[in-house]
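Below sits a lone chain in structure tokens, taken as the form predicted alone.
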């Protein structure tokens, strides 16, 4: 699979005071974003996600490093810019414009015709449940309504590469569901979606690939399932009836399953075959056996805690 974006050894420092040492935010950051995929950009607050996005959009400059966009987005950055949709973490809206007026303004900046803006805005506004408010002034919008309008205007020009910075922040459960559904739909239609988040479960739910930042460095990039498999510690969970548990010599972790007469037994991979042999020999009723795979959240936060101890 070809990359739509390549970032190579990106560095960025900020100085809060002339006399103080610069704070190194990005440290040889390197990763790729595959074309046509849905890629999560993960990391704790302060890891450098927003700084990276601002650099690749040329809102700020890097100290060093290389950013390469695919030729499919354009031959120069002006062409690339027209192929990108962007929704910032803290968007600004003109409060005295109506929702449709704001969409007309943003669409005109992308060179869209009035009829095309009207068609696309109404289509996406209905999908994101904000069409009812397009004739209202933006200063009457709630935070969730602003998020929806911002998402609409970031995609009305049908971008090939959609960059979203914390798009799910502040949304109610229905809004989060709608946003994630549309991100998946756009990806399936061929749009490359790259969105940052510090909420790991959102990324794990809908993304196939992930880039994880830790203290300005690339901790991991690649397929989420592969990352989870690499961190699988070879433990298994068995469910057996509580009545049968007395037949076994349980020198392993066991827990009562709430609301049932079952208990959960956790064993290591090297104990599995012997334990199953004992279950058969003692006629224990085995209800289920499954491998315990860590969640992406467990892997990321365990790694974050380890890096903070160094």
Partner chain sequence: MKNLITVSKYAFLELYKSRILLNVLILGFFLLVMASVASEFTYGVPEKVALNFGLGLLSLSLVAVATFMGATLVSREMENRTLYMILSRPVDRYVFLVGRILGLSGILFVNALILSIFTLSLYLFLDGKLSSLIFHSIAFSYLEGLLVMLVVVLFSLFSNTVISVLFTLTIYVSGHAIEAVKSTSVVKVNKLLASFIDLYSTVMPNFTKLNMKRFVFYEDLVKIDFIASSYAYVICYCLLLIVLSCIAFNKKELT
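Numbering follows the first chain given and starts at 1. Given the structure is predicted, the values throughout are model-derived calculations rather than measurements.
One more form of this protein should be noted, the form predicted in complex with the partner chain, which is absent from this view; the next part is about it.
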Legend entry - is_contact(residue 170, the partner chain) in the predicted complex, heavy atom dist at most 4.5 Å: no
Inset, instruction - With heavy atoms only and a cut-off of 4.5 Å, decide whether residue 81 touches the partner chain in the predicted complex. - result: yes
Legend entry - Close approach of residue 123 to the partner chain in the predicted complex, 4.5 Å, heavy atom: no
Legend entry - Contact label in the predicted complex: residue 97 to the partner chain, heavy atom within 4.5 Å: yes
Legend entry - in the predicted complex, segment of 198-206, 124-132, 146-154, 216-224 with a heavy atom within 4.5 Å of the partner chain: 146-154
Legend entry - Residues in 81-107 close to the partner chain in the predicted complex, defined by a heavy atom within 4.5 Å, in order: 81, 82, 86, 88, 89, 90, 92, 93, 94, 95, 96, 97, 98, 101, 102, 104, 105, 106
